[in-house]
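In structure tokens, one chain follows: the form predicted alone.
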């Protein structure tokens, strides 16, 4: 962050290193804002407890979705700012980048939201997020022991997810 010609005051982004160190965190939320999965690979600083972190991330997503729908230059039906929209309704965002991280986002038609936080120089991850959603469907939703809406506790899913994320990031 710079202030009117001042010097850089925030920490510099992490250096791009070997594959696997570029993915920082991943969240999976259901349509009601319940965090079904939180994974960490490379998060050097913890500033909030887990519950606050999840609420803050879901609130950010809700606000960004609402803002992008309100600012849509192609739609006359804008609704009120802050009114929830159905998945796929209106325009939506896919990612944003800061000087220290990139947030990539995908929402499925069923309302599952997948957020992947990576190094800021990471490219487009839309196809990777779709693949992660397919892993979720295959290893979690098709599991007869899984109760929808509960946290994901599948070792097979976690292992497969870790291997895939290390290969892309």
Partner chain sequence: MIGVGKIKQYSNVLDKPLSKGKQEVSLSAFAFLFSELVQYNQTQVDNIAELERRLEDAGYAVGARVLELLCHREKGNRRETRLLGILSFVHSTVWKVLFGKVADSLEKGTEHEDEYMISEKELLVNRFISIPKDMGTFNCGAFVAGIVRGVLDGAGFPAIVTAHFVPVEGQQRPRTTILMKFAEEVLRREARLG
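Since this is a predicted model, take the numbers as computed values, not measurements. Residue numbers count along the first chain shown, from 1.
The form predicted in complex with the partner chain is left out here; the points below concern that form.
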query: Interface stretch in the model of the complex with the partner chain - options 131-139, 40-48, 105-113, 64-72, non-hydrogen atom within 4.5 Å; finding: 131-139
query: 4.5 Å heavy atom contact with the partner chain in the model of the complex for all of 32, 34 and 52; finding: no
query: Residue 150: touches the partner chain in the model of the complex, heavy atom cutoff 4.5 angstroms; finding: no
query: Any non-hydrogen atom of residue 100 within 4.5 angstroms of the partner chain in the model of the complex; finding: no
query: In the model of the complex, residues of 143-167 near the partner chain [heavy atom within 4.5 Å]; finding: 143, 144, 145, 154, 155, 156, 159
